[in-house]
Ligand SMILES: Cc1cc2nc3c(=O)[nH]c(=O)nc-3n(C[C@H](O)[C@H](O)[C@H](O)COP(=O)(O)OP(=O)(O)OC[C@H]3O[C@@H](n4cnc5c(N)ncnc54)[C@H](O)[C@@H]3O)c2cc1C
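Single chain ahead, by itself, as structure tokens, in the form predicted alone.
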């Protein structure tokens, strides 16, 4: 079964690797990669000895132990990784607030603490009395779940930075069921200064010792390089008897990790309805800015959230050089700043760095005289946006893809909110299905 995998990010690489490890003939697999190297959304970049992840701060963590160990083993095993305790905060004005926000109310100024506690208790009480189910719109869900105070002081301004849309433009699908409900007793304790932990997932994570997060995809891909066609974008997908043609070459099976939004321009005979559904899927892009610092070390932090407009356009800062001692030269340190933007908006210009640095300085995170240089990368596909038509559009898209036998995989191949470990887990399952299909002939 001659198989084409479109895209050599973590999903495509993992699928190919799982297939080959299970005995699938490697000569029957071809990966098409538009870029000059593998990695996709897990790419990293090194500039003057400073390494950063160009699509945001990644960590290795998974509830699926075998999947996480497989990723580590592909990249050199346990010795090639640093084990880190997660230390995450919210920078609220000039204060450090415990994360998650509802477990850090006691760190807030008194009035904000009162507003948030009052709103949380009122929202909790309304849910108990009414027995209401979670609202389908994100803005309504925030108030139903957290109350007006937390919405005003954190959720509304922070999510405006991340999503660049009104809260009720989005559905609550991406958070409902993903965000644990803090017991009301914990919120009360936190408000009066008794520390509670909140989320305990990702309390420990792993990170490659060298090379940034891309060390993982480099490791997965190391055994596949003879099967990867780099600098080879897919320009046309055409159905043929029993399979598909990729750029004119016949394959029995095609798995696409390319973004659904781009498939209509490749599959030219696609009907108008699924084509429009795919093109209309909403997503955000991201610009990641490395800030190289003439500072020996950071506070003991992993990453932080910046909710206020006065803190600049950055919504999250990763203390990049805290992840591994080899992410920056000796005696230096670095920050990774994430700035999201609507994919339909123009790419930010050179003023973005000035705004980012001014915001970080205002937030008390750095001094200008510490900044050695900045570097930036903008990535078109970063975050799936769950608007109210998300499910209907995906149904239309996948009804068509299933009819024509085109399989998709990956965060944007399926437009799902998957982290790297979930991409690996789904690639492992798809490999099992494809092997069964190959055995059946």
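Keep in mind it's a predicted model, so treat the numbers as computed, not measured. Numbering follows the first chain given and starts at 1.
The form predicted together with the named molecule exists for this protein as well; it is not shown, and the discussion that follows is about that form.
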4.5 angstroms heavy atom contact with the named molecule in the predicted complex for residue 102: no
Residue 35 within 4.5 Å of the named molecule in the predicted complex, heavy atoms: yes
Residue 366, heavy atom within 4.5 angstroms of the named molecule in the predicted complex: no
Touches the named molecule in the predicted complex: residue 232 (any heavy atom, 4.5 Å): yes
4.5 Å heavy atom contact with the named molecule in the predicted complex for all of 90, 311 and 322: no
Region of this chain that lies against the named molecule in the predicted complex, out of 390-398, 22-30, 37-45, 368-376 [heavy atom, 4.5 Å]: 37-45
Selected contact from 68, 382, 406, 385, since only one has a non-hydrogen atom within 4.5 angstroms of the named molecule in the predicted complex: 382
Residues of stretch 383-418 in contact with the named molecule in the predicted complex (4.5 Å, non-hydrogen atom): 383, 410, 411, 418
